[in-house]
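First, one chain by itself in structure tokens, the form predicted alone.
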């Protein structure tokens, strides 16, 4: 079989031309299209990654801010709770202080009222005692209260115990001034003479004395010399009355009040006071 080399060469040339044509007009546009598509896809993927990263960043920022908000809210709530608790305690403390102040004020007012009542009762009791004793002595023995008190004072003066007598005698000897005899009322001359005689007899010497009336003093007679004092009065009765009244007032809130003090039957007299230094 004979080979037609011209035909073979023509076919090879045609094939090469076809390959060149395919490469130039078909493969290259296709490859360019593929490259362009790949580049577009890569760009889209990169953009998607960027958007995903941005979204993640925003998500993380939101979570961070949300956490900070929760922490701030918890801190503010805790602070508000503490402030409310402190304010509550302050209000309770203020209320307690006000209640204590009110109770103290009421207690002071009650004490003042009690003292005022006790003083009024003492004054009224003294006035009543003076009036009753004066009337009783005048009716029964025709002797005034002043005279009876002077007689009791002189009798008790003569009945002093040894220690009181020695103390008062030393004070009388050491005093450069006359001894002072003070009474609630003005002593009549007879009572003054009786007291002077009782002092002279008791101390076996001439005792210099001067008399003074003191209406503010509780009914009685007192002798003062060189800082020493000897006294007799019904002040003990009045103090006892005031103490009993105070006890009754103290017992008022209790279910059962204390029994009222038993009135003195008048058969006893308060003892003459022991000689003691006069308070400066």
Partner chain sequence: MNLSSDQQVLWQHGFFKLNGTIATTWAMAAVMALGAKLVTRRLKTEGAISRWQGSLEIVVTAIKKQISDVGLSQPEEYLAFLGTLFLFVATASLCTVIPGFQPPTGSLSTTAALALCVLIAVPIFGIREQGVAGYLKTYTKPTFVMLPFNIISEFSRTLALAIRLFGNMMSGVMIVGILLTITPYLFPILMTALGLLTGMVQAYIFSILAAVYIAAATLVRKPKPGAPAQPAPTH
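These numbers come from a predicted model, not from an experiment. Positions refer to the first chain, counted from 1.
Only in words, not in the display: the form predicted together with its partner chain, which the text now covers.
- The partner is absent here; in the predicted bound form, the one residue of 214, 243, 36, 63 having a heavy atom within 4.5 Å of its partner chain is 36.
- Although the partner is absent from this view, residue 69 stays clear of its partner chain in the predicted bound form, with no non-hydrogen atom inside 4.5 angstroms.
- Contact annotation for residue 57: none of its heavy atoms lies within 4.5 Å of its partner chain in the predicted bound form.
- In the predicted bound form, residue 29 approaches its partner chain with a heavy atom inside 4.5 Å.
- Using a 4.5 angstroms limit between non-hydrogen atoms, residue 51 is distant from its partner chain in the predicted bound form.
- Contact annotation for 11 to 50: residues with any non-hydrogen atom within 4.5 angstroms of its partner chain in the predicted bound form are 11, 12, 14, 15, 18, 19, 21, 22, 23, 25, 26, 27, 29, 30, 31, 33, 34, 36, 37, 40, listed in sequence order.
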